[in-house]
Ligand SMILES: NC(=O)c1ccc[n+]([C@@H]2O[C@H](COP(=O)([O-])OP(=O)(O)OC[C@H]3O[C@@H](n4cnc5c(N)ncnc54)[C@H](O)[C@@H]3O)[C@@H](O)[C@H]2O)c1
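Only one chain comes next, encoded as structure tokens, the form predicted alone.
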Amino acid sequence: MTGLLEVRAAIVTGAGRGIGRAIAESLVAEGASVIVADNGASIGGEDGDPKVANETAAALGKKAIAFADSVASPGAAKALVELAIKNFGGIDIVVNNAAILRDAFVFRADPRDWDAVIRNNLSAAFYLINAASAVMRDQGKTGRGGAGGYDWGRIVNIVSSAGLYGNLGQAAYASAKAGLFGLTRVTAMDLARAQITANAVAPFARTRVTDIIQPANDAQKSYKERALRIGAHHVANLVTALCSPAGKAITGQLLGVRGREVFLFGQPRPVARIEAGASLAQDLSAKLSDKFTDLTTDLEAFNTEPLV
């Protein structure tokens, strides 16, 4: 390790287990102080357990402290940022990783589950960005980033290929993750003048999500088998790279990481155009159907051997 993040302070949500914990470990290893924000809930968001955050922070050592409340409220976001300022003197890195999963086909889903997933996976990220970015901007004006401006501010949102491709039964989860990418883009734009970056990372690794996949066909079975071989530390390596000094030129991007493979995703832009006429639906089919995006799920799209 090189100490790239010495004297920097980070908040990582969902940091008690899986990808979040791997990210927290990597940031600490590079010298950062980290708040381990995790209420220890189940994958569905129920039954919180403060031991998850407390034990992880203890394992990370003196540079880590625990925050064991839910992060899905404006008050919690403000408390997290205040905790970073009180203990570490400021906040330089935010990683929004916390997520819950309540799957159901759209015709069977409970609207209350939709609301819970959107609040935890999308709104919580906004609350934290909202609270932290204001402090980051002020820090830039007071010299925390050095004489050259505040070039340390980093925001990384952990999204999902489900929000890019879609997946059966994941309306709430996919919508939240797609929205999180949209939030990433606007955050990057709003904070560009302050030299604060914002990027989205779609991880492919073993998590509680992959553990609970119940394969409905051979393709899903092989996807799960491959995913279980991919360690979360690969995701942490990419996130840490984005948070490093060399990452200051990377913002507004959508990246994926699957083992030692790192993907740069294209972003939605027009691929064709026609002039609207009296037979618009027929023209769309006749002139653009060869460019339509098919209904391939993310599990099918990435059902190939990873580099591990």
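All residue numbers refer to positions in the sequence shown, first residue = 1. Just so we're clear, the structure is a prediction, and the values are computed from it rather than from any experiment.
Not pictured, yet referred to below: the form predicted together with this ligand.
Although the partner is absent here, residue 204 lies within 4.5 Å of this ligand in the model of the complex, judged by heavy atoms. Shown alone here, residue 173 lies within 4.5 Å of this ligand in the model of the complex, counting heavy atoms only. Residue 24 falls outside the set of residues with a heavy atom inside 4.5 Å of this ligand in the model of the complex. In the model of the complex, this ligand sits beyond 4.5 Å of every heavy atom of residue 31. Here the chain stands alone, but in the model of the complex its contact with this ligand, taken as any heavy atom within 4.5 Å, falls in 93-101 among 133-141, 93-101, 192-200, 107-115. Note on contacts: among 254, 41, 241, 250, the single residue with a heavy atom within 4.5 Å of this ligand in the model of the complex is 41. The partner is absent here, but in the model of the complex a heavy atom of 71, alone among 156, 71, 236, 129, sits within 4.5 Å of this ligand.
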